[in-house]
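The chain below stands alone and is given in structure tokens; this is the form predicted on its own.
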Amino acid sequence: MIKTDVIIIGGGATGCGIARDLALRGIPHCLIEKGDFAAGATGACHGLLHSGGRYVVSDPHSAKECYDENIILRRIGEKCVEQTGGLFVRLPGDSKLYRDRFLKSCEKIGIPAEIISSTKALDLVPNLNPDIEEAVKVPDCSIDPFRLCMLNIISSQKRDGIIFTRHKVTEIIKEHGRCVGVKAADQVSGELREIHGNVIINATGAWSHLVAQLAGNEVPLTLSKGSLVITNHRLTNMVINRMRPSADGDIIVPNEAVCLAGTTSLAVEDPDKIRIESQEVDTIISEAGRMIPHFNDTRIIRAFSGVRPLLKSAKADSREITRGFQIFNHGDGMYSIVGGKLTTFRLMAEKTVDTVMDYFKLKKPCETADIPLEGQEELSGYPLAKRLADMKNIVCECELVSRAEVERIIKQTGTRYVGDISHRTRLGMGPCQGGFCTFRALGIMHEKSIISPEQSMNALRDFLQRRFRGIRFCLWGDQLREEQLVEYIYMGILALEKK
């Protein structure tokens, strides 16, 4: 049995941020995540570090939180954030009245917003629709959500934080009506761990209500699915937003060597039972193509979905629900943190840990806004030119991932999952979507006696099948031809058949 002070359930940005904050305040803690870091909404977002502009008209309080956190994260995560800047573009037919409300709201909150001509906007982003009427420049940025989680975890690990990934909480242990611990099953071996603590923090996002139910508690949630698509290269070096109330397909974000476009907003009941609809992909491409026409004939390499854990609301349109957050004190030693955005994860963590400090009657202040994220230089991987320094033994040509990098991750984590390597190196995230590098990475794992031949074949099938779930909605043109080639290689030459 393991004993600690605080148990965090959930390894997304908020959970990892809480672990970092607890570590800096000297509070012993244990984080438990059922998958890898950023396995939920954090890893299924567009990687936008909001300026607040997207919510400035509809949700000014959340917009102010986003802008304040944007400034902080640019300072403490300099190597993690790409300061792209952003444009809100007004197309023919888009309301001038909304533009005026947008500018007034930005001025009221203090978000820098500069109106520029269509000519200046086209100078900044040559691929923009030449018919745009004007644009407003805002301090949007791009951020890698996987790297962000791992940078926060480094601070926890350096201060003796206990971290269990690939462990699913199966039971909340209660004594005399209070939550005193959890039981968590190792997803690989099935081994059951028992961890005891004085406080349990439920930071599981879209699964918050399910985890709370293990302790007989309730969390009021509205679940909203958002889908996105990924291009095979960058069409813009700035974040592009549509100057209108939030709708489907009105944002394009450059991230690493690609662009992500989305999103949609559809109500769902179960975060484990979501699927992308072909209509969503068509809508996103069409709407993104109105801002950047080249989007219509660009190679789309993947589509994916995530679930937003929004505060419970009776509003029919989930876009109208606040992006604010709330901490629920269940009165039995469990606290649930719900809502918010990737951009506000640090603030959410700060307020949650403030609540924990009050419970312990301790007064050490939060330092996460002042101390830079640790390990940034090691984990910083963009631009790709940085990776050209080591061109020997390349495992993934699309993302220039070397064998040395793969071996380093295997040694650090002891993982049996190709996905864990992918999250830390971007292996398999390029145009081939793992078709030419997955078997190489698994070969290295087998060579190092991490997995058996049978396990490697099962892992290969599983990884390729999961990648295909996102690729299947983008199968036309070059992407279709490449997927057929990958299928011929695995099914024909390598005789890999689905069980």
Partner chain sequence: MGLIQHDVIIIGAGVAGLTAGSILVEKGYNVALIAKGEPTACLSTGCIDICSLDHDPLHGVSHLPDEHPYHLVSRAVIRESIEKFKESMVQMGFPYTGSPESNRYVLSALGTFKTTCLVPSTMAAAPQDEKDDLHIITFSGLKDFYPSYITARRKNASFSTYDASASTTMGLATNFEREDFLEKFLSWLEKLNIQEGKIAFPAVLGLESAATITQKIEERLRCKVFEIPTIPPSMPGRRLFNALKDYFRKKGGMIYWSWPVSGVEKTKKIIEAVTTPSEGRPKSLNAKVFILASGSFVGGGLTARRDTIVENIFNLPVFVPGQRDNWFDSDYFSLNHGIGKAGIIVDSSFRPKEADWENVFVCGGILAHTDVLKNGCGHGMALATGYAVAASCMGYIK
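Numbering follows the first chain given and starts at 1. In this text the structure is predicted, and so the values were computed from the model without any measurement.
There is also a form predicted in complex with its partner chain; it is not shown, and the following applies to it.
Query raised in the report: Just one of Arg54, His46, Lys34, Arg467 has a heavy atom within 4.5 Å of its partner chain in the predicted complex. Which one?
Result: Exactly one residue meets the criterion: Arg467.
Report task. Within 4.5 Å of its partner chain in the predicted complex, counting heavy atoms only, one of 435-443, 59-67, 46-54, 22-30 shows up; tell me which. Result -> Heavy-atom contact with the partner occurs in 435-443.
Query raised in the report: So in the predicted complex, does Val81 come within 4.5 Å of its partner chain, heavy atom to heavy atom?
Result: So Val81 does not count as contacting its partner chain.
Query raised in the report: Can Ile450 be called a contact residue for its partner chain in the predicted complex at 4.5 Å between heavy atoms?
Result: Taking the distances in the predicted complex, the answer for Ile450 is no, it never comes within 4.5 Å of its partner chain.
Query - Touches its partner chain in the predicted complex: Leu494 (any heavy atom, 4.5 Å) - result: Within the cut-off, so yes.
Requested in this report: Considering only heavy atoms, tell me if Lys392 and its partner chain come within 4.5 Å of each other in the predicted complex.
Outcome: Yes, contact at 4.5 Å.
Query raised in the report: Taking Glu454, Met457 and Glu487 as the candidate spot, are all three within 4.5 angstroms of its partner chain in the predicted complex by heavy atoms?
Result: Judged in the predicted complex, Glu454, Met457 and Glu487 all sit within 4.5 Å of its partner chain.
Query - Stretch 457-485 - residues with a heavy atom within 4.5 Å of its partner chain in the predicted complex - result: Heavy-atom contacts to its partner chain in the predicted complex: Met457, Leu460, Arg461, Leu464, Gln465, Arg467, Phe468, Arg472, Phe473, Leu475, Trp476, Gly477, Leu480, Arg481, Glu483, Gln484, Leu485.
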